[in-house]
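In structure tokens, one chain follows: the form predicted on its own.
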Amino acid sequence: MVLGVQHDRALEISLANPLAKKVETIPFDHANGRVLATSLTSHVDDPRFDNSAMDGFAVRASDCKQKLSTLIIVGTSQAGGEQPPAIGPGQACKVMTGAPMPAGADAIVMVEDTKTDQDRVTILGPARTGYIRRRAENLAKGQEALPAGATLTSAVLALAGTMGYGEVEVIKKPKIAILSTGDELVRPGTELAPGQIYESNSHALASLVESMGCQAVRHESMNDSMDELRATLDKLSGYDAILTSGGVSMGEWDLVRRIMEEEGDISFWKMKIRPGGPPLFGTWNEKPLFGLPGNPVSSLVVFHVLVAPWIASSLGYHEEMGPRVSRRVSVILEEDVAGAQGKLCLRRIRIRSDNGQLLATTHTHQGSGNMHSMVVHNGLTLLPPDTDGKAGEVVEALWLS
């Protein structure tokens, strides 16, 4: 077991026991929000043929150089219809948006710029070559357009459909068990006895797990009992990974740490970050286990800086297009922010955009039990160890989703 590791080292160690990546093929209709397991190449050219971007008339631009040119209408081109007749000198073809261009035409005149009289059309405006969508100008058949690890958002789904996919290969959602520990914890909505508090960490962690493209399996909090904890962990080891909250510090009743020391396999304990210093990582029955702090803010902070990147790296998420709960940005501090001796400092900040710049300030105290601070703030500083942030300085930060 490694004791007291820096953030980067903690992530490196945890990735030695990655989340198992499994793949499944699902119908396109059920793919919303899933993550691509493999890159997608287009089955077709897009567009498949030259077509009109406007309702109007397909013409030869050379026939429309004089004002009030009159052309003979030789046919109509409709989207989904038969191939229209070719046009020759002095001829035009009525064309709808998305309909194939007739052979011989090299420009479009918008319907608003024309006047028709039976089988003739008078051209009142410009003939534009730019109103023709050229075959394969968006994508060529065989071209890779969507990378592995991308979330199937509305736009990605539309593109995959355009490329001809009726089913897609996606990452099977890992099942991650979530367990809070502590005699003092009771379910929200019940009546509190003296010394009790409402358990909320598991709900917050479940939300984050789902946002990272996994399936959260939340279990009710359990009392401080080694026998009960052992039996519960054995049960949870049937899942792909385990997240616990609480019980990882140095107290007599920090049972997650004790049972992992005595019966599990701990890879590291304690990270050099503030807040969130006492987490551990290891395996229980060969399944990855993160022991997160019980303080609400610390629990969420550790998820953002350790668990989320572990999930993303394990499953091969695309850096920009894959699921994420935060993104790294540069911000200008509007006030001094104290760092932490020897530790990565994750101060809660409020990030806002002003004239193209991201500015950051603080709004509440920074106690690790102050969950309200995670609501009024939307970011975390990434101040290196032994570094204070001064007003006006540019610092790195996580902008939370």
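Numbers follow the displayed sequence, beginning with 1. What you are looking at is a predicted structure, and each value in this text was computed from that prediction instead of being measured.
There is another form of this protein, the form predicted together with a small molecule, and it is not shown here; the text below is about that form.
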property: Close approach of residue 102 to the small molecule in the model of the complex, 4.5 Å, heavy atom; result: no
property: Any non-hydrogen atom of residue 240 within 4.5 angstroms of the small molecule in the model of the complex; result: no
property: 4.5 Å heavy atom contact, residue 296 and the small molecule in the model of the complex; result: yes
property: 4.5 Å heavy atom contact, residue 79 to the small molecule in the model of the complex; result: no
property: Triplet 49, 52 and 84 all within 4.5 Å of the small molecule in the model of the complex via a heavy atom; result: no
property: Selected contact from 213, 275, 149, 247, since only one has a non-hydrogen atom within 4.5 angstroms of the small molecule in the model of the complex; result: 247
property: 169, 254, 113, 106 - the one with a heavy atom within 4.5 Å of the small molecule in the model of the complex; result: 254
property: Stretch from 262 to 270, 177 to 185, 322 to 330, 304 to 312 whose residues place a heavy atom within 4.5 Å of the small molecule in the model of the complex; result: 177 to 185
